[in-house]
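The chain that follows stands alone, in the form predicted on its own, written as structure tokens.
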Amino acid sequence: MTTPDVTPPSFAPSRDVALQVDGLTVEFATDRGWTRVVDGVSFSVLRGETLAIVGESGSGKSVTSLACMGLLPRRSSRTPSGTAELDGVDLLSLPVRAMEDLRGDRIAMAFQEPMTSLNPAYTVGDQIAEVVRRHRDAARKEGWRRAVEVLDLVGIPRAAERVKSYPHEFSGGMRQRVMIAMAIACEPAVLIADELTTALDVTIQAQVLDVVRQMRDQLGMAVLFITHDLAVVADIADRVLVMYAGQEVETSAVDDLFARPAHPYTEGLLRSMPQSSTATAATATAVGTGRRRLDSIPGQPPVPGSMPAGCRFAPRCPYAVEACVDGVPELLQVRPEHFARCTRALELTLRGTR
């Protein structure tokens, strides 16, 4: 496997990096042959840090995380280039058995919908204990004790009693806590949370985010948080990676990204967020309500296998010029630790939310 010729400074390896992804490319088998859905993505996640990957549906963010976990179907997918290193071990090159030994132990994943991830026929205690027994060679009693311990850790009331309950006996928010408890049972170095709060109301969402934050700080985990919700990103993330059409288009510290986005796609995402601040006359609705109009990004993302020439966002970009379609843009450093894949990144002044 190969890695990119140029690695942006923010992706440089260090002893604090838990997960280092360089030049990850993922392809799926289709009727037209192998179709690229993730194209040369690079990022790192530090210990004790949360990196959010954000983008529209189909941008490649979940496929990226599944590739790192070794959960993509082997017959219909492949990673022709790139590496994903955990503690110096390339996860993409591991045989199936070796990856199974790491998955759930050193790297774990909490999925979007717990009712499709938890087995309804077994108690939550049995399912958490199974993870501990598999990776820690523990006896049944020890696995059960650890199940009670982690349920209590994620805030399940009366954990010693609820450990005997089945998934359907928990509310949606409590089931997500069970999923987090299962994922952290072996104290992994990296936790991947894929759309963890999508189906939850805002109150339960805030509680789940608090649990993730507490577990990250308490266990020193690196957290890779996959979401399309920028409000969640603002709450949980330290750094942000924005993806579009299978590519990374912007990466930055969360505060800098929200205050001064450098890619038009990021600006579009931020402008489409509901705002609580008072609208200005320029953004008031035509009927004069004084409320800010909720913007949207025109058009649709390109279909994998049919990418436009040049910048992939150019057909939807209000700032596109001829140069945007004449060449393929590279990641440019616009500020320290802030990169954008935009030909005009150094000349545009885009609006954020802060």
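Owing to the predicted nature of the structure, the values given are computational and were not obtained by experimental measurement. Start at 1 and count along the sequence shown; that's the residue number.
What follows is about the form predicted in complex with a small molecule, which we do not show.
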Of 325-333, 312-320, 60-68, 41-49, the segment with heavy atoms within 4.5 Å of the small molecule in the model of the complex is residues 60-68
Would the small molecule be touched by all three of 28, 56 and 195 in the model of the complex, meaning a heavy atom each within 4.5 Å?
yes
Heavy atom within 4.5 Å of the small molecule in the model of the complex, from candidates 95, 157, 88, 73, belongs to 73
Contact label in the model of the complex: residue 304 to the small molecule, heavy atom within 4.5 Å:
yes
So in the model of the complex, does residue 37 come within 4.5 Å of the small molecule, heavy atom to heavy atom?
yes
